[in-house]
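The chain that follows stands alone, in the form predicted on its own, written as structure tokens.
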């Protein structure tokens, strides 16, 4: 069966569905109401376009994550509207962190941050962002709505909803549907690449001692360049997680949940801090598609953002900042498409170029550092020694 046959079958299928179902038409359809999708909707608030934001979950909902809110996320909120940054700073369900301590071989380095950083559970942060969309835009929001088929049409996409009589028609489709993006799989044939993907686990604990306003990172030579994190949250709760390259997990047949608990038991500083700790949640797994490999980000009438576009930093594991940036840039490209009446793959490439111009070199540099560290762990010893020098400490602090 050739492409024309497939297209004709899809067209016949859509006509049949339209006769039986309710069709909702939008200029822009954003799939996924996480940081990328909400940033996109917020940036489009004054564009004069009919926008819908669709998510499979009902909010508030949990999202397994490290819960660190990076500076780029707050900067992007401010760029969209300074009032949104102020709203987040007034949001009480977050925790202000002022420094990060790295641990390795019973040595510690502390970085005092120039800019204020935060932690906030994804349940609260994503719900906060969706609240901004509700309060500040005319976006139609559909939660508990699962799109599962994305059919290319002459003037955009028809999106079929599971267990629903509703079809969405849209001129531009924004994929913000996360690491397991159905849009990326269907439209770009995206597949798991274990060398550019991290398998992680995370749980919440209470009564972990000595954390205060500090995020903590622990290294172990056996797992480099991976690490275990301990991030404080409001209410004497911490987010504790561990991740490794999926390729290493498979090659070494590592049970990552067992490795998580072994890491704590075999690290003196952690064992002491967790002496009276209580685990509050199950140890849950999640995947991190790294931005260490250039993936297809767009095509005719569609763009991918956030984890759907594989934009997670290979060193820090941060995905929220790049997700929100990509959502904002996708919105800007959307406005350009409507102004120029051009929705072709060639014109949509301007989104790819804008995004990679900002974060491309950063992702490449961090990927190279990740690979070097995995092959030459002695460099971590040198880094710890060098960062005792206050001048070098300041340089590293600005780069991280």
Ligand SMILES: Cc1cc2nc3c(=O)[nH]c(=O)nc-3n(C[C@H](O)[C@H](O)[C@H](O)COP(=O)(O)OP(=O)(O)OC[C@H]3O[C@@H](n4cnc5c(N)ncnc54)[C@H](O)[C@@H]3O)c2cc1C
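Numbering follows the first chain given and starts at 1. Source: prediction; values computed, not measured.
Below, we refer to the form predicted in complex with the ligand, which is not included among the displayed structures.
Segments offered: 93 to 101, 261 to 269, 208 to 216, 122 to 130. Contacting the ligand in the predicted complex at heavy atom distances within 4.5 Å is 122 to 130. Residue contact check for residue 338: none of its heavy atoms lie within 4.5 Å of the ligand in the predicted complex. Interface residue remark: residue 277 is not counted as part of the site for the ligand in the predicted complex, having no heavy atom within 4.5 Å. Taking the partner from elsewhere, residue 156 is found to have every heavy atom lying beyond 4.5 Å of the ligand in the predicted complex.
Proximity of residue 65 to the ligand in the predicted complex falls within the 4.5 Å heavy atom cutoff. 54 is the sole member of 331, 355, 54, 28 with a non-hydrogen atom within 4.5 Å of the ligand in the predicted complex. Only one of the listed residues (88, 223, 111, 286) places a non-hydrogen atom within 4.5 angstroms of the ligand in the predicted complex, and that residue is 286. In the predicted complex, the ligand lies beyond 4.5 angstroms of every heavy atom of every residue of 245 to 259.
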